[in-house]
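A lone chain, given as structure tokens: the form predicted alone.
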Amino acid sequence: MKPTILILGAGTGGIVTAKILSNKIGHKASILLFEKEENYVFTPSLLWLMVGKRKPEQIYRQTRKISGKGIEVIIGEIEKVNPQQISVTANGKNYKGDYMLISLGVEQICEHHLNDYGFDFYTLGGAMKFSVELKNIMGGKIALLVTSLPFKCPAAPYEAAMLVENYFRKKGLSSKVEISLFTPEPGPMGVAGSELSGRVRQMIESKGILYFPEHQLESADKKTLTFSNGKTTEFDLLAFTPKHQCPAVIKETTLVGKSGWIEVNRHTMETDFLNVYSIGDITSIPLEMGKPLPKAGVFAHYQANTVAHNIIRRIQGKKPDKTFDGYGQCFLEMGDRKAAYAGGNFYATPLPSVKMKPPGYIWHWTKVWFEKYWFFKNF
């Protein structure tokens, strides 16, 4: 009989895993890909959407169109996950597998009624509505807010702030707006090291963006944000990141560790259950510096390569021989069709070894190319 592989979540990690399995052993396996959303959104492009550089229909595709031999896409809520039995219940039906990959990402929660006062730019709807409001505002205080830690894509709020600044500068309204970024972090992208963090802070402040680290949101109303340090700020337009937490259906299992996330072997992405793996944002991988590996799509992508390869080896009766090495990179959009590029080894000791290349057009256009290639390859 063909082995059955259950893949939970059709985000970056789930798609990459399904496609590799399909290309290599699709004729010899049944690959079930579970996803609750009808449409897959390429989340890196939400930053372009929020400043009018993309239309909504340009950055999503129907999830069912994920193509590949042996892949069956199942749309619906996952109601139960049983790692001991390697089984999943979705839409009232139970599915049993020989292997399971959990790549469900994070559950996003809006706290403090922020959806009533601003826009969650980590969602398609929120980024789209923000772009509409942006076109109508001719001046005032623009606030970008990180509500809580951890949050996925550590560069995104900083990119958003620079793209918004660029938008107003292009319209000749720089003198009429005040752009501020508030975050609980002590500095930008701190896991990447103090040098890189300082360079990112310098980048945003050189554009006139006001930066307020160590500002943990405590409450909000229609025009005011209040922080736990006692400080407040008023705003005319607000974009925010939602709270991130482990999906409820996984919290109900024994997969979740003290971190509140799934804890795995950081090299093989194996859980404590045989033939059950987990990758991406839903995992917590401690680094030697004491902080966890950042939640970013690039890590899910590379972890997926490892897991898919090793599942294939097991199916072939061979010993798994591929490991995830902790390398990752990202682009930092700055506006003016320029971006910076940062990358390196996050598993390096005693601290991650991450370097940033100077901003340039090449990095922006590389990100544009990857967006197009991703849709072409997978849908």
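We number the residues from 1 along the sequence you see. Since the model is a prediction, treat every value here as computed from it, not as a measurement.
Unshown form predicted in complex with a small molecule; subsequent notes refer to it.
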**Asked** Between the options 289, 298, 163, 110, which residue brings a heavy atom to within 4.5 Å of the small molecule in the predicted bound form?
**Response** 298
**Request:** Could you tell me which one of 293, 86, 217, 78 places a heavy atom within 4.5 Å of the small molecule in the predicted bound form?
**Result:** 78
**Partner proximity in the predicted bound form: residue 156 to the small molecule, non-hydrogen atom cutoff 4.5 Å** = yes
**Message:** Within 4.5 Å, heavy atoms only: does residue 308 come near the small molecule in the predicted bound form?
**Reply:** no
**Request:** Would you check, heavy atoms only and a 4.5 Å threshold, whether residue 18 touches the small molecule in the predicted bound form?
**Result:** no
**Asked** With the partner left out of view, is residue 168 within 4.5 angstroms of the small molecule in the predicted bound form by any non-hydrogen atom?
**Response** no
**Fill in**
Per contact check vs the small molecule in the predicted bound form (non-hydrogen atom within 4.5 angstroms), the hit among 180 to 188, 226 to 234, 117 to 125, 201 to 209 is 117 to 125
